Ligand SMILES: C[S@@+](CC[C@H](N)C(=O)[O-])C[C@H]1O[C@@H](n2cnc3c(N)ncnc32)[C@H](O)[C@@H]1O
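Take a look at this single chain in structure tokens; it is the form predicted on its own.
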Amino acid sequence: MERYKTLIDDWKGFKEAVSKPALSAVRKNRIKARENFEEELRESFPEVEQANWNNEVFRLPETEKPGKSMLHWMGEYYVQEESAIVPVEVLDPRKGDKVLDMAAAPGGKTTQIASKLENKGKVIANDVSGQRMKSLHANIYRTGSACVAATNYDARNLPEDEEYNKILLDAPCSGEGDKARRNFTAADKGERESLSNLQKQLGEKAARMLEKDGKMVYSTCTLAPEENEEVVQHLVENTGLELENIELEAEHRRGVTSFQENEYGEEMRKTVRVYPHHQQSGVIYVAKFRK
């Protein structure tokens, strides 16, 4: 991770955060949560704390097991890394929207979209993995996300007979900086380059499927600029997508304009990076486009 030392705003804080367990977080599901949801949540988890940037996100001590509570099994909340909640907040889906989630399993962001729509809209949740479709279907069912239809394609091969006014591309990535995925071991150059090429292809596909004036959010859970700013730069230069500035209340840092010998440009400051020490959670990078 020393490769990224110059990108991190607080290297000491970053190292301290990644040495500790991530905080557990749950996201309220508007579709199923009852009026006394917060009261019942506090009965189950007395030390619960509402996130300071989102009133539907609740933090629990890392010792708690939120996946074992009745509220979870009833679908009133979804257990989700706090940082992973950011991309859909940036996409801002609203009732009546037609949304494509291009890499959806296991369904955290898909069900977050459905929750925001309150089932008044349409969501296509796609994933390339047949095995992961099982968890996607289970989570859609548990959360009552009736507006969601699931598909099993390599997203590069999705039919282009429909357009969407909002698209989420939470892209496959190396996960550098993500403790759960690779315990902070670095990816090699070949892996980063291969993933960057895939991400660019997926982004180009999203651009073709997005209607005029539609919004697209691109996100990863990696520190690597090759998979973040480089991909965004490619999409700006090679598609009809334009970057929009992200306003985010959660603690974050702006995207980087250069890294090592590569220049990405001042526009990258419209994108955001969330690091583990910001929320005691995972890494997330987010860019927002308009066609």
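What you see is a predicted model, and the numbers here were worked out from it, not measured in a lab. We number the residues from 1 along the sequence you see.
A second form of this protein, the form predicted together with the ligand, is not displayed here; the remarks below concern that form.
Colleague: Looking at Glu76, Glu82, Glu176, Asp170, which is the one with a non-hydrogen atom within 4.5 Å of the ligand in the predicted complex?
Modeller: The option sitting close enough to the partner is Asp170.
Colleague: Select from the listed residues Met102, Met216, Ile140, Leu117 the one whose heavy atoms reach within 4.5 Å of the ligand in the predicted complex.
Modeller: Only one option qualifies, and that one is Met102.
Colleague: Would you check, heavy atoms only and a 4.5 Å threshold, whether Gly108 touches the ligand in the predicted complex?
Modeller: Yes.
Colleague: Are any of the heavy atoms in Leu91 no more than 4.5 Å from a heavy atom of the ligand in the predicted complex?
Modeller: So Leu91 does not count as contacting the ligand.
Colleague: Tell me, yes or no, whether Ala187 is in contact with the ligand in the predicted complex, where a contact means a heavy atom of each within 4.5 Å.
Modeller: Output for Ala187 is no: heavy atoms all beyond 4.5 Å of the ligand.
Colleague: Does the ligand get within 4.5 angstroms of any non-hydrogen atom of Ala155 in the predicted complex?
Modeller: Contact with the ligand, yes.
Colleague: Out of the stretches listed (205 to 213, 67 to 75, 117 to 125, 146 to 154), which one is close to the ligand in the predicted complex, meaning heavy atoms within 4.5 Å?
Modeller: Flagged stretch: 146 to 154.
Colleague: Is the ligand close enough to Ser129, Arg132 and Leu198 in the predicted complex that each of the three has a heavy atom within 4.5 Å of it?
Modeller: Answer is yes for this spot.
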